[in-house]
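Only one chain is shown below, in structure tokens, and it's the form predicted alone.
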């Protein structure tokens, strides 16, 4: 009887997965085999391996890697510091609060801050550097992206550090290990699952960013996400857009497999 009830409770979940996960994926795969004229063909897949799209793929992976790396370098010490503070829940709430604000609003806020007459350039002019072209550059794109993704890196690392048994750290100190050696050999390996979860939470969405490439990078940064938007909304070449989406999904699946419990066992 219990098994039957469990199967009944699984029906809404199965319907949700079928309608909102599997069905959209099937539609994307279906459209990828059609040209802009509506003819069934594999030409879109052949076009993807031309220099222009391969360059976009390399650019997307490169920028996603940089965003993930800088986010990790900032988030790990921040998460470690949070575990040492008395009012850690309050500080954690302050880190989470910006995620409640719409991404578009935050992007427009940074346009004002990094613009020619924004706060950043005003400070640069004040100290004698002069006004610089900060907005519409690769730097501004990475900077804003790191800011947006930091909370998603901090949370899993913080949870791993919170669950860390302090007796291991004490034992390392008792055996004469330095602070650096304790971190490399004890703390970091034991919190590696949190790091991998954070990297997944940042790298995967960073691969498909498209709105920031327009608003912050001024289309000077071209990614696969930008190409998908162009094909679906501008050129109306849904087949090519769907093909790029297929390869993007494959890349995300590979990242998830590598970052999963079975992957990257040894760094």
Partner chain sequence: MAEKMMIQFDHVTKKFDGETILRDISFDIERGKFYTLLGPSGCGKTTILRLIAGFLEPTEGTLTFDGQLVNKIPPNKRQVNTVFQDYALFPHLNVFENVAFGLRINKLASKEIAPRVKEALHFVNLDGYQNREISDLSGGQKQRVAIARAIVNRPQVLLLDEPLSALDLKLRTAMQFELRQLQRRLGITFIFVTHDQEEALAMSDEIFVLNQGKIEQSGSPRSIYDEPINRFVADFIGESNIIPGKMPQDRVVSFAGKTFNCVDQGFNKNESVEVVIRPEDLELKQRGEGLLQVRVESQLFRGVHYEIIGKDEAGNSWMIHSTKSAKINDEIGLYFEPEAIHIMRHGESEEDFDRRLESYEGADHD
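Everything quoted here is computed from the prediction, not taken from an experiment. Positions refer to the first chain, counted from 1.
There is another form of the same protein, the form predicted together with its partner chain; it is not shown, and what comes next is about it.
- 165 is the sole member of 133, 87, 165, 102 with a non-hydrogen atom within 4.5 Å of its partner chain in the predicted complex.
- Among the residues 120, 172, 154, 146, the one placing a heavy atom within 4.5 Å of its partner chain in the predicted complex is 172.
- Considering its partner chain in the predicted complex, the lone stretch of 121-129, 70-78, 89-97, 186-194 in range is 186-194 [heavy atom distance within 4.5 Å].
- Residue contact check for residue 177: one or more of its heavy atoms lie within 4.5 Å of its partner chain in the predicted complex.
- For the chain shown alone, residue 181 is a contact residue for its partner chain in the predicted complex, at least one non-hydrogen atom being within 4.5 angstroms.
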